[in-house]
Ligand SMILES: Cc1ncc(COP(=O)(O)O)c(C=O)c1O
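So this first bit is one chain, no partners, the form predicted alone, shown in C-alpha cells.
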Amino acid sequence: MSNFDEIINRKNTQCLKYDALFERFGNTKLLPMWVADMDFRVSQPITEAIMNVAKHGIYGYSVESQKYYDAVKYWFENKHQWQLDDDSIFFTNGVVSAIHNLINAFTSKGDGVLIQSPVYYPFFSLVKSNDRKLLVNQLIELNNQYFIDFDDFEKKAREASMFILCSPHNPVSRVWKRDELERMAQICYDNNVIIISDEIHNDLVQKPFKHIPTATINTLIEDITITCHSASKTFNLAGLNTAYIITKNRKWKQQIQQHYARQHAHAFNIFGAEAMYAAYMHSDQWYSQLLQYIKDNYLYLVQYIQANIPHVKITPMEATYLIWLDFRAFNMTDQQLKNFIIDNAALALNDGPSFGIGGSGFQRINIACPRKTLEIALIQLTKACNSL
C-alpha cells in the first residue's frame, strides 16, 4: 500500500514547484499548489528501475528497445482499448516540445491554429512564438460547467490549418463525450484541419467518466489525428523528459521523423524510458490507489469549501488533479485576486487569466498532495476569504 499521506520535503531539490517561488510569485513563504506535478513518491518499481540504470555507471547514448514500444501498446490496449503498432509510435522528450515540432512540421507561418480557451497556457505561446495565427474558440460556461461553442468552432475551423485539442481538458477538467469529439473531429475533417490531440491527462479520469482517444472516433478521423502523450502526469515523471507521439498515418509519421532529424532534436533518455516501462508494466496497483486518493482529496475540498467559503465555486472534477476555482463572487480585479491569493492566503496557485479568455476571476489549484497539505491550504484560503 503506497503512503500518499507522507509529506516529503521537496525544497532545495531543484524543484520548480517549491524552489522557483520567488522567481514566479515574488515570495518564498507560499504553500505551492500550482505547477502540475504531484507531491507523491513514485511507485517502488519505478524507483527500482531508475536505480538499476544508475548502478550500471555508464550513461551513454541509448536506443529504443522493443520493450518500450510494447509497454505503450500494452497500456493503451488495456486502459483505453486502443490497439497500436510499433510504426504508430514516435518517442520524444515532452508533449509541449512535441506540439512545437508538430506545428512547424505541418503548418507554415501565418497559418491559423485553433485552440479552446481557457486552456493550458503554453498553447498560446506555442502558436504565437511560431508566427502562426491564433484562433480561439472560447468554451461556454454554464452553471459552473463547460461546453463547446460549436457554431464558433466551425467558423474558426474554416480559417485553421491545425486544431490543438486538450483532452481531457486542462484547466476545466472536462472529459469530452463521444458526440462532442465526433462533432469537433468531423468539422476538422470537412475543413482539412489537422488535429493535434494532447491527451497527457487521459489516465487521470474519474469514474463514471471515460476517456475516448480522439483518433479512435473512426478511420477517417484516425488519419487526420496526431496524439501526444506521456506517462509523466499519471506517474509523476515530468523531470525525466520522456514522451511520445502517436499517429497511424504513415506519411505523417515519416514527416515527423524527417522534421526531428532536421532539427537534430531526437534524443532518447534511458532513465525516462525505464521509468515509463516500470510505470506501465508494474505500477498498476499504485495507479489505482492514486486515482482513489485524488478523488478523496477532491471530495474533501468540495465539502470543506462548501461548508466554509461557499462563495468560492468549484468546477466539477471529471479528470486531472487540477481544480478550477471561481472567485468572481468577490468582485475583485484579476490583479487584486492574484495579490489576495499570494499576500492574504499565502498560496501559490495558477492565475486564471494565464489560461486565456474565460480565465478572469479563476484560480487553478493542484490537489495531488498529501491530505494534510491540502487541509493547510484550505485553512489559509478560508481565513483570507473570511477576513474580507
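The first residue of the shown sequence is 1; numbering continues from there. Just so we're clear, the structure is a prediction, and the values are computed from it rather than from any experiment.
Omitted here: the form predicted together with the named molecule. The next part is about that form.
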Answer for residue 214 alone: is it within 4.5 Å of the named molecule in the model of the complex, judged on heavy atom distances?
no
Residue-level question: is residue 30 within 4.5 Å of the named molecule in the model of the complex, judged on heavy atoms?
no
Is residue 174 close enough to touch the named molecule in the model of the complex, meaning at least one heavy atom pair within 4.5 Å?
no
Test of understanding: in the model of the complex, would residue 96 fall inside 4.5 Å of the named molecule by heavy atoms?
yes
Please pick, from 162, 200, 184, 275, the one residue with any non-hydrogen atom lying within 4.5 angstroms of the named molecule in the model of the complex.
200
Quick one: of 225, 170, 137, 88, which gets a non-hydrogen atom within 4.5 angstroms of the named molecule in the model of the complex?
170
Only one of 110-118, 200-208, 278-286, 75-83 gets a heavy atom within 4.5 Å of the named molecule in the model of the complex; which is it?
200-208
